[in-house]
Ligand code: G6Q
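The form predicted alone is given below as one chain in structure tokens.
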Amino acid sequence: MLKKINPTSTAAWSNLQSHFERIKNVHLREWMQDGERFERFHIIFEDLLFDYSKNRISQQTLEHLFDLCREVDLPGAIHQFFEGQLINETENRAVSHMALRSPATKSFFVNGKNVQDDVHHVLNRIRQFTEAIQSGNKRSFTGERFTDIVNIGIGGSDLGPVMVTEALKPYHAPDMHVHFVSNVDPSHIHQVLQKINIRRTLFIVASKTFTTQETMANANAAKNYFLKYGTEDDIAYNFAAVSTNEKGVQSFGISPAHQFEFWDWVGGRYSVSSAIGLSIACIIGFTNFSAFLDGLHAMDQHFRHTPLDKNIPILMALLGIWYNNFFEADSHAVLPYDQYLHRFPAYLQQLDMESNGKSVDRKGEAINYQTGPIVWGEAGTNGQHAFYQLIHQGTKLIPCDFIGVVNSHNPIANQHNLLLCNFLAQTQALMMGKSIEEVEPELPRDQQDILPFKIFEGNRPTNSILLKSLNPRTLGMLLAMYEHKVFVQGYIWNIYSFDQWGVELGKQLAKNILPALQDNSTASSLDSSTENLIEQIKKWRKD
């Protein structure tokens, strides 16, 4: 059971508040006069570099933050986390996605049971399945090789596989294509079905319960389309499922040999390293999928065993708390300077905001301090021409993570250097700004009236994260780094990060509204706005 400590009641929090008042107006220009600052405020872990020197902190700031960790017993919480204890107390579950990437030779206990045999049994089945797909030994109902994979899921069953397959496009098998359907909007499934040859397509239905409304609607649409070309018996060839609902899977027509399970101690937004990653393994191959799991595990071990002052996820989490709770920064931008990572911010939105978007603490009491930030972002340099104006000169303080990749998979002319110089220039500009003394000499005497508009305050904090290259292992490390950052922040904020009751209410209400949309009865027992919207929808449909 996790401790239930209000962080604002700690001595460390009080010390941080006093410290904040003393240094809040110190400019990063002043901090950066220290020639040793980068040396002290960066960490290299394997092929990943984390530079946090461009933050509005001193060593004393960090010491106060480390005191906070110790006062709420973060090390004890990490121990419970990795020991498979029931830290998701509102759902009475363990949170043990780290077991999914732990080697078979290492024990990992969940509720007192070593789960590694179960985990690696499923992984071995995934290996056999994906190798058969890629080799052509497993074929469509027509006897043809599979050329397309369609993953049907939503939330964690979609965002993770989409992001990883996009990030690892250079590792895709030749002559194979992967597609994703998540939105219940029929236009989504329609667009994908128009792109594929149904006779050479493997459909993967990803739903733990096999009852998720959006996923099953899309799965049935795909099935009905498939049955225009094949029979009910043929479904066993061209469909697979990632689910624990054996009865529901078989009723759909999917062969038990094509069902892959995962467990209730795997949360949806942490499930990309489970069988939910089946579509990833099919498109990049199991060897590369294993390297991805190894990268996740490597960062798990770094997080579990590294002291506070050298622990990248903990430092990231503490910096976020520093800005969120003391500078009152209510959002955080993630800016990957690599096109393959263009879906990474969307993935992190679910990881972070569904985890830490909570207003009740672990005692069930209302919280009077800020918890999870709004997470958003876009791939550079696109974002520079969209929203960087607000980051540079707006009234809001927006801490940013800049993610760069040193060696490109596509070294065309000088373009990668152009990308990296923009990455470096933006972090420098946000840090340094541009003073009135620097602007004045640039303006002719008759244009001095525009001087205020060209001044940049600077003092905008950033983290710089560099990967030597973007490959399965480094991507795994990057993902696990953010996973553990979210855990640390949620624990310190005294909230439960691994439930998501906030998504349930809308689903419940949707079930009540659906009958009113589908028949001619008048909507009732609803608010007047919703009732009238339903009636207008019906009217326009008749027209």
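Quick caveat, the model's predicted, so the values are computed rather than measured. The first residue of the shown sequence is 1; numbering continues from there.
FYI, the form predicted in complex with glucose-6-phosphate (G6Q) isn't displayed, but the following is about it.
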One stretch from 268 to 276, 118 to 126, 399 to 407, 104 to 112 that, in the model of the complex, holds residues within 4.5 Å of glucose-6-phosphate (G6Q) by heavy atom:
268 to 276
Find the only residue in Ser464, Thr212, Ser140, Asn324 having a heavy atom within 4.5 Å of glucose-6-phosphate (G6Q) in the model of the complex.
Thr212
Residue among Ser157, Asn238, Ser96, Asn218 with a heavy atom within 4.5 Å of glucose-6-phosphate (G6Q) in the model of the complex:
Ser157
Applying a 4.5 Å heavy atom distance criterion, does Lys208 contact glucose-6-phosphate (G6Q) in the model of the complex?
yes
Examine Gln500 and determine whether its closest non-hydrogen atom to glucose-6-phosphate (G6Q) in the model of the complex is within 4.5 angstroms.
yes
Counting only non-hydrogen atoms and a 4.5 angstroms cut-off, does Asp338 reach glucose-6-phosphate (G6Q) in the model of the complex?
no
Please tell me whether any heavy atom belonging to Asp300 falls inside 4.5 Å of a heavy atom of glucose-6-phosphate (G6Q), as the geometry stands in the model of the complex.
no
Check each residue of 351 to 365 against glucose-6-phosphate (G6Q) in the model of the complex and list those with a heavy atom within 4.5 Å, in sequence order.
Glu354
